[in-house]
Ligand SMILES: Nc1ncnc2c1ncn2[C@@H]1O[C@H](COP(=O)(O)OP(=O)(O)OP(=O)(O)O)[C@@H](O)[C@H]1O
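One chain comes next, on its own, written as structure tokens: the form predicted alone.
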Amino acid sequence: MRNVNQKILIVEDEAPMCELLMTFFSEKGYKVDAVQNGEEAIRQLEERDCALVITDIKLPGLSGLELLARIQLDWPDVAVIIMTAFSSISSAVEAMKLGAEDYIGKPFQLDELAITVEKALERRSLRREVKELRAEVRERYNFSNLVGRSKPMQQLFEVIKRIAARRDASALIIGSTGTGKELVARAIHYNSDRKNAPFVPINCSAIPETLLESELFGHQRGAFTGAHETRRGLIEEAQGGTVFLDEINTLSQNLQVKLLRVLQERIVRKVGGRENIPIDVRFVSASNRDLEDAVKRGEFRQDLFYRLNVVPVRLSDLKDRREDIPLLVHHFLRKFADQHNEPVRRFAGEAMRILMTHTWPGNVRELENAVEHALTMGSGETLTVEDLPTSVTASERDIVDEALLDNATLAEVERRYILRVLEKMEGHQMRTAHALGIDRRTLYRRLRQYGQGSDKNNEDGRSKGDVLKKGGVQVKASSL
């Protein structure tokens, strides 16, 4: 598809050629201006946006090469095509070295110039798109997008800053599933001076061991069955950037030895190859298991552990930083609203209470999924308990966390605990008293205080008047 409607500036001191090029490109749908010297071209660029400059290399006053140098300095996003006589091809080559997009020799066919312009504009658009995407990625993994005000998160921010500032420092991230290990690795990369080079994530457990060596280090053609061509490995692909080795604990002993050599000597050798290829990459590794224990058990090499663990990063479980949950919930609500171009919704108080007191075994990933589930199932502006997944609403809740959230007294904590045990025992008072380690009469007195007892009891130990909560609905024990 042609990049029409973009602005082209023609710099040519011969009036007939100027007129010809203006007419030709205007008819093709481009917006065209023309000037006859470099000084006028600079004034035009200062006043108006321009996508591409077509300039003769020989101009009165400021030469085409001098104009090119000025454009490269002040308007680097503007593409430049140099027109030159065939006798001055060496000057055109010099122009390419200085940053010209392309050149064309005089005399030329107009259709040939049109193709050159179209390709130059396409390359310019691709560069701008890549630049915008990189800026978007950098913004996405900026510290402001790592959500949390808790003490563990503030400590994490400081560690990331320190690692990012050291170009070659390796880091080992330890955290449970769903705590955001790759997010932290990307934050390290995109806040360092390696941010414009590749970030290459590799899940060591997702690639079969027979293929992982070739994926990491590359292979020579014919190195093994199916190796029909020479391929670079992922470590080499990350040249200048960061390699993220997720689930590093699953590496075989054989690959551990080979990775250690890469870390020590900063070279890779393809499978079946003889050449040592220098590499300039940072290694960030992650594991959901404590590698020190794996070292003690002989499952992970101690020397490799020390190479990877230059800076240890431990991520807290979400249940250990509950004060961040409302911030994360709001972050996800905004994120999904932006994705679907809809207003930001909110959770009702009781729904937020459940989110605050759930144990979150899947950590931040589970919380994000729960928010998305609620947005999908809920139809109103305010999301309720009924909109949350049953895995969240029906799970056991931490009584202490609930009490802290509600500023509950010790007596209230006791009441909640007794009633929860009673519910767990399906309203059976004798089993409840036994589980609590108290006399049944003591339990009965407590239940009457809570308005949960009656004068008559069933033979199985349930009080006919006992009222329990199941699935958020109050029912009489006698009806269970």
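Numbering starts at 1 and follows the sequence shown. Every value quoted in this text rests on a predicted model; they were computed, and no experiment measured them.
FYI, the form predicted in complex with the ligand isn't displayed, but the following is about it.
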Which residue, 375, 328, 104, 337, is the contact with the ligand in the predicted bound form, using a 4.5 Å heavy atom cutoff?
328
Name the single residue among 84, 179, 357, 214 that comes within 4.5 Å of the ligand in the predicted bound form, judging by heavy atoms.
179
Would residue 332 sit within 4.5 Å of the ligand in the predicted bound form, counting heavy atoms only?
yes
Does any heavy atom of residue 368 come within 4.5 Å of a heavy atom of the ligand in the predicted bound form?
yes
Quick check on residue 364: any heavy atom within 4.5 Å of the ligand in the predicted bound form?
yes
Contact label in the predicted bound form: residue 183 to the ligand, heavy atom within 4.5 Å
yes
So which stretch, 234-242, 67-75, 147-155, 344-352, is the one near the ligand in the predicted bound form (non-hydrogen atoms, 4.5 Å)?
147-155
